[in-house]
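In the block that follows, a single chain appears as structure tokens, in the form predicted alone.
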């Protein structure tokens, strides 16, 4: 067994050497920090260190699950991520199909317009949203004033924010998914479409019978990955876009922002580590479950 692996390594040593920086990166930033998970089960004290701190078992987990807002932030985290997953797949796939129908003359322009927001930080996007929603000089309130309507205090009314959060997330990230699907479309053998044209198929029939089925393995892979992150929210989105307004916590507070504020106020590292472990374990279980369901439906589309 060892000799077989060594021969395999020698045959592919160039590839292993090229992947070495990525392996070191993952080892240092992803696997080595896992040793700190023991803090989740301890009452961490800086003067005693990780191994000298008192062992408290699941006490840090109880802090979160016994809190009044645990159900609210868990609900918000799951529902927002479900909305992001479903809408991103539908919108990105639609935009990718439309990109595929464009002439090569304009494709670069549309790709740039779609992909540019992805590179903006949430701090910058937060100011863009503020320019629209500011109570006094926001673009939307100026428009409402022109029609004789009263200005809306967007940062004090929680009912508007599920829509605002979803729109902002889609505007920033849907371009990245679009380009992934578009790249997948470019790999489809053109002979399929040529044969369909000969048989008299129209554009919609070719999309429904060729493009979408061919992209289905890619769609499923991205779906499974996103399901694994369903208990983790984008901290920047939910912290900077609502401007950390306490009026909006009922609809914008998620697990990550709740843990951050708890850590900032209480300073309990053990509790924040416990919630991070909880999110990771649940995410891992969901990935396994989603892959199992996909494998039952169509084993060819499963990750393993």
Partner chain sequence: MSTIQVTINKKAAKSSLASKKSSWSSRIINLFFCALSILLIIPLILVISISFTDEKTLLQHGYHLLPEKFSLEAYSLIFKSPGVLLNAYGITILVTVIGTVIGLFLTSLTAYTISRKDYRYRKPMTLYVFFTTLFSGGLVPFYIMVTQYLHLKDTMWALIVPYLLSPFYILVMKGFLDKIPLEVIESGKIDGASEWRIFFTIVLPLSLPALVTIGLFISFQYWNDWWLGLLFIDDQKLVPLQLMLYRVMSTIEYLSNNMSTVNVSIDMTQFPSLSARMAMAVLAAGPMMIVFPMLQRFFISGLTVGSVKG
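Residue numbers count along the first chain shown, from 1. Between two forms, the rigid core is the largest collection of C-alphas that superpose within 1.5 Å. None of these values were measured; they are calculated from a predicted model.
Separately, the form predicted together with its partner chain exists; it is not shown, and the next lines address it.
Chemist: Answer yes if any heavy atom of residue 23 is within 4.5 Å of a heavy atom of its partner chain in the model of the complex; otherwise answer no.
Modeler: Yes, residue 23 sits close enough to its partner chain in the model of the complex that at least one of its heavy atoms falls within 4.5 Å.
Chemist: At 4.5 Å between heavy atoms, is residue 218 in contact with its partner chain in the model of the complex?
Modeler: Answer yes; at least one heavy atom of residue 218 falls within 4.5 Å of its partner chain in the model of the complex.
Chemist: Just to confirm, residue 180 within 4.5 Å of its partner chain in the model of the complex by heavy atoms?
Modeler: Residue-level check for residue 180: yes, a contact with its partner chain.
Chemist: Do residue 16 and its partner chain share at least one heavy atom pair within 4.5 Å in the model of the complex?
Modeler: Output for residue 16 is yes: heavy atoms within 4.5 Å of its partner chain.
Chemist: I need to confirm a contact call. Of 123, 78, 152, 90, which residue comes within 4.5 Å of its partner chain in the model of the complex, counting heavy atoms only?
Modeler: Spelling it out, the residue with a heavy atom inside the cut-off is 123.
Chemist: With the partner left out here, if you bring back its partner chain in the model of the complex, are 101, 112 and 197 all within 4.5 Å of it by some heavy atom?
Modeler: Heavy-atom distance to its partner chain in the model of the complex: all three under 4.5 Å.
Chemist: Which residues, if any, of 113-144 lie within 4.5 Å of its partner chain in the model of the complex when only heavy atoms count?
Modeler: The stretch touches the partner through 113, 114, 115, 116, 117, 118, 119, 120, 123, 124, 127, 128, 130, 131, 132, 137, 139.
Chemist: My question is whether residue 49 is one of the residues whose C-alpha shifts by 2 Å or more between this form and the one not shown, given a fit on the rigid core.
Modeler: Moves: yes, 2 Å or greater.
Chemist: Once the two forms are fit on the core, has residue 259 moved its CA by at least 2 Å between this form and the one not shown?
Modeler: After core superposition, the C-alpha of residue 259 moves less than 2 Å between this form and the one not shown.
Chemist: For residue 36, is the C-alpha shift between this form and the one not shown 2 Å or more after core superposition?
Modeler: Yes: residue 36 shifts by at least 2 Å between this form and the one not shown.
Chemist: Using the form shown as baseline, tell whether residue 25 and residue 123 are closer or farther in Cα-Cα distance in the model of the complex, where the change reaches 3 Å or more.
Modeler: More distant in the model of the complex, by 3 Å or more.
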